Structure formats: C-alpha cells, structure tokens
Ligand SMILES: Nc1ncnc2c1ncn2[C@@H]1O[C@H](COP(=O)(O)OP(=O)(O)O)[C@@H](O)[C@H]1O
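To begin, one chain is listed below as structure tokens, in the form predicted on its own.
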C-alpha cells in the first residue's frame, strides 16, 4: 500500500496556473504531500510561493489543473459536504452579533444539525473561554477571538484541520501564548492538521514534519523530520536541538527564496 493510499490527507501531483491579464503563471507544480492520521505537518515558504493556494485546493476552494487531493477515501468536496473538514484562517471571521457559544455552534446550524451544546461548551473550555460563552466578539481580545475561530473549526470533529496563518495578525506575546495553547488543544483532540505559516519557529514548534516550499513555480524544496519531545514548551524551544533545527529550516528557506528570485518568473 502506498503512503498516499493509506494517508489521512494525500496531495498527489498538484499543479495550478493562473492568468494575469494576457500572461499565465504557474503557481504550483507537482506538489506531493501525505499526512498520516493524527499527524501535524507544517509548511513554510517565501511570500508568493503558493502556500495558501495549496491549502485552498485541499479545502476544495480552488480546482487544480493536474493532480488530486484525497482525504481518507474522499474528495475535498465530499469531505466538506459531510462537514468533516475544519478550516481556521488568519481572519477569524466571527459574526459580531453572535455570542462566543453561538459562533462556535455556527457549523451545526449551517449543516442543518442539532447543536450539541455539551460539545460547544467542551471546546470553549478547551480553548480557555469557558467563562466567556455569552460574550460578543467586540468584548474579546484578538487572541481570544482567534481561539473562538479554532473552536468553531473543530466543533464538528473534522478528520483534517487546515490552519492558514491562524496567528499571523497577533502581537508576538499573544502569538507565543497561543502557540502553546494550540499544541495543548491538538494534543487532547489528536486531529490530523496542516499548518501554513511564515514563521520558521512556529513551523518547528508544531510540526511532526516541516516542509519548505520554493516559488515560481511553487514546489516542495526541502523536508525536515522534527523529533523533539512534546509538549514543545519554552524549555524545549530554548534547547540547542530546537535552535539548531530552526536554523536548518531557515537556511533551507533562504535557499528556496534565492531559487525563487533567480527564476525571474512572476509570482
């Protein structure tokens, strides 16, 4: 059995091009990626390398020109229709007139399902908002609003969780705190997760593996296994092993950026 056929999430030979006026450019070329059940994989790359395009294809929001994506044995469209795909973006996109509990419960209502109030309260507690169920988004800090977004993405027990720069708009102190909190949440739920990020430290802190992308066209440039103990708290992130791996990934990212610049193609 191939790695792709046994994977919780398999990306096979994905390519994608876009039109810019009369010109066409290739955003992705020959992307392969396979995540085992319960694995957390990070993808980092320079701006314009197609990271978010890749995530949108996995989510079924874009159609590839070539290749395929399977989530278990299903297509992204089938997984979405079954309400088994969770997505959290940099923009939390909470509905301002709904409470924390109502925002978390929104996927139930959109799916025409009866709200599992116990599940909503469990996730609110898990993300540290058990005492804020009736609060409106305007009454929450940026970090708290992002926690609501993550709880909402996980409320229907997705088989795969897609995270597109979920902490990118936060200040550094809040971001570091949520990095620790998100690891704890993932550790309790064990959901297969794919993180798109610009932060090398964040990629290493979360990932069982880290992939580095190059651009023009977007392609996988390097892969690193992360064999550091969990939880990856401040003690681990201050260790020589963590620092050394971050430096290796950063060097690969520098190489990928240089390769992208040298290609001279639009991106």
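Given the structure is predicted, the values throughout are model-derived calculations rather than measurements. Numbering follows the first chain given and starts at 1.
Only in words, not in the display: the form predicted in complex with this ligand, which the text now covers.
If you check 64, 207, 217, 46 against this ligand in the model of the complex, which one has a heavy atom within 4.5 Å?
Contact residue from the list: 46.
Contact assignment for this ligand in the model of the complex, among 27, 57, 41, 33, heavy atom within 4.5 Å:
Contact check passes for 27.
Would you check, heavy atoms only and a 4.5 Å threshold, whether residue 199 touches this ligand in the model of the complex?
It does not: once this ligand is placed as it appears in the model of the complex, residue 199 has no heavy atom within 4.5 Å of it.
In the model of the complex, is there a heavy atom of this ligand that lies within 4.5 Å of any heavy atom of residue 221, even though the partner is absent here?
Close contact is absent here: in the model of the complex, residue 221 is far from this ligand, nothing within 4.5 Å, heavy atoms only.
Does any heavy atom of residue 239 come within 4.5 Å of a heavy atom of this ligand in the model of the complex?
The answer is no: residue 239 has no heavy atom within 4.5 Å of this ligand.
Tell me, yes or no, whether residue 52 is in contact with this ligand in the model of the complex, where a contact means a heavy atom of each within 4.5 Å.
Because a heavy atom of residue 52 falls inside 4.5 Å of this ligand in the model of the complex, the answer is yes.
Let me know which residues along 131-157 have a heavy atom within 4.5 Å of this ligand in the model of the complex, or say none if there are none.
Nothing in the stretch sits within 4.5 Å of the partner.
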